[in-house]
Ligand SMILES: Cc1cc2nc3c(=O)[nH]c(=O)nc-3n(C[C@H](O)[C@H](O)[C@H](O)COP(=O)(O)O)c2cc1C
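So this first bit is one chain, no partners, the form predicted alone, shown in structure tokens.
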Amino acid sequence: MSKILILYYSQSGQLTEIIKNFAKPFENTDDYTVTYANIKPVTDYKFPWSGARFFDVFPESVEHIPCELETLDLGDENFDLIVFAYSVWYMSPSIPSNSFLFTDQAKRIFKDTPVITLLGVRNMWVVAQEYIKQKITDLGGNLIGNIVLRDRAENLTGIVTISYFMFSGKKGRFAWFFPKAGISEKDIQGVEKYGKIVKDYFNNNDFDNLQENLVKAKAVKINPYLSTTEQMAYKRVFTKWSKFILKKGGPGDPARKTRVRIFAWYFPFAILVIAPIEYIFFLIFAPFRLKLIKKEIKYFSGVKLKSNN
């Protein structure tokens, strides 16, 4: 009997729905046992967010600073496949998901084990996934596949709908002309087909072409503008702001509240004003960057680190 571990942290419950549907092909059979392990911070991140709390987690998210977690009861900790499901906060893995990768338990269970990453995101995720790739490699794991479910709303529309979802806890329509927030129910239900693909490859004990077939099944879709924008924003903007805030203390420190508030004003300005300008420049220069764009689409669709290419 093969043992499947699904590791996840779901703040709103959306990622829980995703993993349950993904795992359906492995359930109700004598060939597999599926263990669901919900990562639990000692001090949880309550949902829906408050404005102050949402912006206060920014520097720790960007700098990958772990929080304290409860120890997971995983039995003998010996698994044949790990599905690491996570969401993205500020172009980084959520703090609880990232924190688990710093634990001794992670060192034990990831070593020499095939790993699938399963993301539930708004639309920007390549920077976070590059970090996760490296962490899995450092832990001795073998990343064999990546699946990304995303909010299909246009970028600015998605900002409005996801903000409504995060701060109200309601996934319905914000107004009649806006779509429902988050990942669509159709995509959440449809993730089962990726579970079937993974199961077929797992049964054959051959993962060489797994990611290629997942991409063909549209498990990953790269938006060149968004991938370019987030790489630039993370390096040139987010890391500078995070270090600026952290100079005044850690999470919830009153000394850093002013800097967090300044960032809270800058953040929507960057999205609503700076991002559209960058989009125009991207369209202008894209014809001269076609070779690089195609190369990045191929790379970010895969599971290998650049150093391994």
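Just so we're clear, the structure is a prediction, and the values are computed from it rather than from any experiment. Heads up: residue numbers just count along the shown sequence, starting at 1.
Not on display, but discussed next: the form predicted in complex with the ligand.
Remark: V88 counts among the residues lining the ligand in the model of the complex, judged by a heavy atom distance of 4.5 Å or less.
In the model of the complex, the ligand sits within 4.5 Å of a heavy atom belonging to F54. Although the partner is absent from this view, I197 stays clear of the ligand in the model of the complex, with no non-hydrogen atom inside 4.5 angstroms.
Remark: Y9 counts among the residues lining the ligand in the model of the complex, judged by a heavy atom distance of 4.5 Å or less.
In terms of contact with the ligand in the model of the complex, the residue from Q211, S227, N98, N123 that brings a heavy atom within 4.5 Å is N123. The listed set V160, M166, V215, L74 contains one residue whose heavy atoms approach the ligand in the model of the complex to within 4.5 Å, identified as M166. Partner contact region in the model of the complex: 123-131, out of 173-181, 123-131, 101-109, 189-197, criterion any non-hydrogen atom within 4.5 Å of the ligand.
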